[in-house]
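So this first bit is one chain, no partners, the form predicted alone, shown in structure tokens.
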Amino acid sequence: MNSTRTSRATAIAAALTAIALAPFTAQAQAAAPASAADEIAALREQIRLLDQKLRVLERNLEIKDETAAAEAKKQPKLTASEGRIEIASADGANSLRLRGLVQADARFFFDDADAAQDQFLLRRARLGFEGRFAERYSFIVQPEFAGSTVSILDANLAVAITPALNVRVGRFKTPVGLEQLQSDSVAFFNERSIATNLAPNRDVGVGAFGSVFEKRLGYQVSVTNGVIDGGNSPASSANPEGDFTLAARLFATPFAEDKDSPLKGLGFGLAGAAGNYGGTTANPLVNAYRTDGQQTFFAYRGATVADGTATVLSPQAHFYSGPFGLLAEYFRNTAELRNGANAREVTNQAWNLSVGWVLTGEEASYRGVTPKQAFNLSAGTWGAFEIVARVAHVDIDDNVFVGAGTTSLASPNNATEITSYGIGLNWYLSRTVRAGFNVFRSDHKLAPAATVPASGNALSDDETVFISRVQVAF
């Protein structure tokens, strides 16, 4: 483009020179002999020819610039910025994005009688890939490296058939719990509430999702192998009984597209799942219910299996307005369970109410908080700060403790109710780095026939725990 501007300037200068010399040229022609007139005519012809060449050169340069711009549009685009590492084709139809999440915790229990120990912990270490090809096909592969073994959290392929209809196959989150469906990196607290013990987690199957009515109503539906109460599908993804679980979720955000509405952050919906289980010993209820400090407060006996229908129903809502955020959900789980000849229908219930306020004024949302300025001591900026509070409750059906000896569905040495209170401070140092400081207090009620736990048991005293976390998420 600089060459083009230079050529244009040269041409303009030549024209101005010719105009300026015109009067003098005319006078010279009148006074000069015929030979001088011929020379002047020759000079004019040279100027004309040079002007033509300059015009041709200018046009060639324009064509070259246009060609270079067209070629540049065909080249792949590499994005490497805070929070986003992605390579995409020029037309955006194909892309590959790298995602990562590392969470390092420090946990300290205030009651030495508890079984848990103070520790540093690598809570999560994930490196995943999201891709898209041929515009309408996308995939996710996300392994988990924290813990004693490597596991696959998500691995699925989705097809966008229409803007309102997407189909997904593979391993993904069962569409039930509102907080469970939220990303680990943006939740209010370092740990999800105890209510999510009753929300089915990841499973293998096929599902459909999308939004209708101008994106005011979202829907999700899936058919999967089936998991009960907060669990993940087995590592083998086996379905030994050949039965499946149907899950569905409707979630309305009626004012989301009205940017000036004070209710644009309101969302509410209903989710549920129902499945049938054959009662074989190959499918035991192995998922323990855990406190905020990740101690077990309830577990079924090893011989207890799901034998019949199991359902979960969850009304849920969130509301975000400026720096304020609120999330609420309720679970009612009913299942037919059996331990040998002891078969009973059990109904467990739970709820969670979480609120937050961004002290530095940034907007709160279901997708988290983005600080206006990153933490930088030299510049005198501190990122964003958010205070959060939560109360949650789980109520276990006393029917699980009925039975002589080991014939009951669960040992009486479990909690039958637990209420958790939490407060915390989140510090968003940048778009990708966050620190969280939480204090949780869990008060539990033992089962009716429980013996007093010995000191050192998780239920020997109510739990008070401080959990701090530093995370990097992109």
Partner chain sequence: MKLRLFPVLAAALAALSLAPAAHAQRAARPVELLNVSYDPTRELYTDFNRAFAAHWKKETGQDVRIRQSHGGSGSQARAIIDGLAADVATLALAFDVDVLHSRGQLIPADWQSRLPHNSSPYTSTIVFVVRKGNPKGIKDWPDIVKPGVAVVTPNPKTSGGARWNYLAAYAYGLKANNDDHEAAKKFVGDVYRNVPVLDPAARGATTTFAQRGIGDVFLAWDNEAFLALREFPNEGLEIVVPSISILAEPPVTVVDKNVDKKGSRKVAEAYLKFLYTEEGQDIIGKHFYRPAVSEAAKAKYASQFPAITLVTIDEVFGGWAKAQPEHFGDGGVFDQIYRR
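It should be emphasised that the depicted structure is a prediction, and the values quoted were computed from it without experimental measurement. Rigid core (definition): largest C-alpha set, two forms, superposition within 1.5 Å. Residue numbers count along the first chain shown, from 1.
As for the form predicted in complex with its partner chain, it is not shown, yet the points below apply to it.
Shown alone here, G275 lies within 4.5 Å of its partner chain in the predicted bound form, counting heavy atoms only. Mapping the unseen interface onto this chain, F120 falls outside it, with no heavy atom inside 4.5 Å of its partner chain in the predicted bound form. Although the partner is absent here, Y330 is not a contact residue: none of its heavy atoms lies within 4.5 angstroms of its partner chain in the predicted bound form.
For F189, no non-hydrogen atom is located within 4.5 Å of its partner chain in the predicted bound form, even though that partner is not displayed. Although the partner is absent from the chain shown here, R136, V212 and F244 each have a heavy atom within 4.5 Å of its partner chain in the predicted bound form. Only one listed stretch (396-404, 162-170, 315-323, 121-129) carries heavy atoms within 4.5 Å of its partner chain in the predicted bound form, and that stretch is 162-170. Note on contacts: among A208, V346, A256, V358, the single residue with a heavy atom within 4.5 Å of its partner chain in the predicted bound form is A208. Checking R59, R441, K445, R44 against its partner chain in the predicted bound form, a heavy atom within 4.5 Å turns up for just one residue: R59. D51: CA moves 2 Å or more between the shown form and the other one after rigid-core fitting.
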